[in-house]
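Before any questions on how it binds or moves, here is one chain, the form predicted alone, in structure tokens.
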Amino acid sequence: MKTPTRSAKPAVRPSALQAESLQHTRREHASETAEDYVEAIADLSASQGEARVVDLARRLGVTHVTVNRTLARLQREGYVSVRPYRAIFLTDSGRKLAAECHHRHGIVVAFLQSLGIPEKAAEIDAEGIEHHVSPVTLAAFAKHLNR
């Protein structure tokens, strides 16, 4: 009696498309953090006149150490200006990014609410969606809202 043999399966290797998709997702996550920070700094500056590390830590639910590390990266990338024991200021690039984030957030929230989603849920869901929505999809959301 013959014993059935197991065929050897080829090693699973990610396709070029999968690798590209994963790289895109990693870049988006880094961008998402920058966007959250510049948006929070802009909001704090508008409402309190300044943004401080302690305020950012409280608003974003992270530690002071995390805020300081992220601010160092954002300063290297040209989004913020930080001096020890002083408020945090957005550069022109930071203000532009914050404005883009606010605009995108507003469209996503309005779109979700147009579907009947309650305001609180729409705000919470928009926080995740706004960072990953493509320009094509965002334009479709806006077109739907302008009907």
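Start at 1 with the first residue shown and count on from there. These numbers were taken from a predicted model, which means no experiment stands behind them.
Although not depicted, the form predicted in complex with the DNA is the subject of the following passage.
Remark: R69 counts among the residues lining the DNA in the model of the complex, judged by a heavy atom distance of 4.5 Å or less. Contact check for G116: every heavy atom lies farther than 4.5 Å from the DNA in the model of the complex. Although the partner is absent here, T33 lies within 4.5 Å of the DNA in the model of the complex, judged by heavy atoms. In the model of the complex, the DNA sits within 4.5 Å of a heavy atom of V53. Contact check at 4.5 Å (heavy atoms) against the DNA in the model of the complex: all three of H64, R76 and R83 pass. Though the DNA is absent from this view, in the model of the complex it lies within 4.5 Å of a heavy atom of just one residue from R26, K96, H103, K120, which is R26.
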